[in-house]
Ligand code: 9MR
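Shown here is one chain on its own, the form predicted alone, set out as structure tokens.
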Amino acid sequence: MTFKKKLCLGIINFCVLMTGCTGSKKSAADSSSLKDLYKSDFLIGTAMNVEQIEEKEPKAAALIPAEFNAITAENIMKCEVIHPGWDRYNFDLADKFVAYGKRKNMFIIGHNLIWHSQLAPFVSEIQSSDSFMLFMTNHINAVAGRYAGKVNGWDVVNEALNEDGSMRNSIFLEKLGEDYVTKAFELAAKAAPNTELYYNDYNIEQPQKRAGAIRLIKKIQAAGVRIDGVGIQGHWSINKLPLEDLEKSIKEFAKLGLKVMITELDVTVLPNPWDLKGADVNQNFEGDSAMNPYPSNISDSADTKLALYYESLFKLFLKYTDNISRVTFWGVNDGQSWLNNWPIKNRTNYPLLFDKNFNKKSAYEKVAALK
């Protein structure tokens, strides 16, 4: 691990210790907390929903600050919530999220500034390119500017690529052309000069999409615009572990001088139609009983397989602690996971380290045992 990274992680953990702990400091061997076990390696994060931000779930309210030292806004900073009208903003929930993170001494990630999905309805009604650019400029200035110095990192642009590495045919591409990504980072850098800026996407560990992400990042860098990190979302399946591709991607992104993050980690244990990969929220399918094999409880074999999967992932992450700055799970427990309703609604999935009752699963024990 580099001296700079050791120093940064040390400062973060010192602040947490001084403000959030009482009594004697536990050693890593005695700790049951992931954030403590991995404190010298990388941050351990989770995505938070509204009830958790408002601390309405007692078990979540106790577990989140105990296990995690980084938080991401799951939905409440997306355009449809935070910017519902041309000149209308709703910062109430985002303010609560940031205040929660500050109160708990956590590393705070804003998610996200520019994304083709979950846009407010008014955005699709914007006609001219000039007006669309004005919308993007106002949006970034207002949102990133409000939380400058408060949010530690922003997912500036989310999911701008197709699976073959080409630019996604989104409303941003249609109205502004390929340079919209560079422009978004330029605006974010000015609005939040002391905040880390990331590109975030799923499947960018896969060769073609990885190559597209590298081209996109190099274009931003060539324009002299700041980009600090890349987020590999990590929406994977129990039936396929992309370790070789993932390792190569960590190396390739690190060569660009970027921090590498696993930003939305979850592992589906359920079958997907047509071996669907990734996290395109616009894809939905009809289900049947064969697509929901564990409606009440996960099988022992699937639970064991999931645990071994997570163990293999974290072994790889530990190999690259000089490059990986954060591992964030997309949700706190299985009951919260978006995978219960995607790509087929009303299923029961088991993709995280805590079950629906906030109990530690076998996967948690495997991850903890590595330290």
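Just so we're clear, the structure is a prediction, and the values are computed from it rather than from any experiment. Sequential numbering from 1, following the sequence displayed.
The protein also exists as the form predicted together with this ligand; that form is not presented, and the subsequent description refers to it.
- Of the listed positions (Trp330, Phe42, Phe314, Phe68), a single one reaches within 4.5 angstroms of this ligand by any non-hydrogen atom in the predicted complex, namely Trp330.
- Only one of 96-104, 242-250, 117-125, 190-198 places residue heavy atoms within 4.5 angstroms of this ligand in the predicted complex, namely 117-125.
- Within 4.5 Å of this ligand in the predicted complex, a heavy atom is found for none of Ser33, Arg326 and Tyr364.
- Taking the partner from the other structure, this ligand in the predicted complex has no heavy atom within 4.5 Å of any heavy atom of His83.
- Proximity of Lys78 to this ligand in the predicted complex falls within the 4.5 Å heavy atom cutoff.
- Though the partner is left out of this view, His139 does not reach within 4.5 Å of this ligand in the predicted complex, counting heavy atoms only.
- None of the heavy atoms of Asn203 is located within 4.5 Å of this ligand in the predicted complex.
- Contacts of stretch 192-226 with this ligand in the predicted complex, defined by any heavy atom lying within 4.5 Å, are made by none of its residues.
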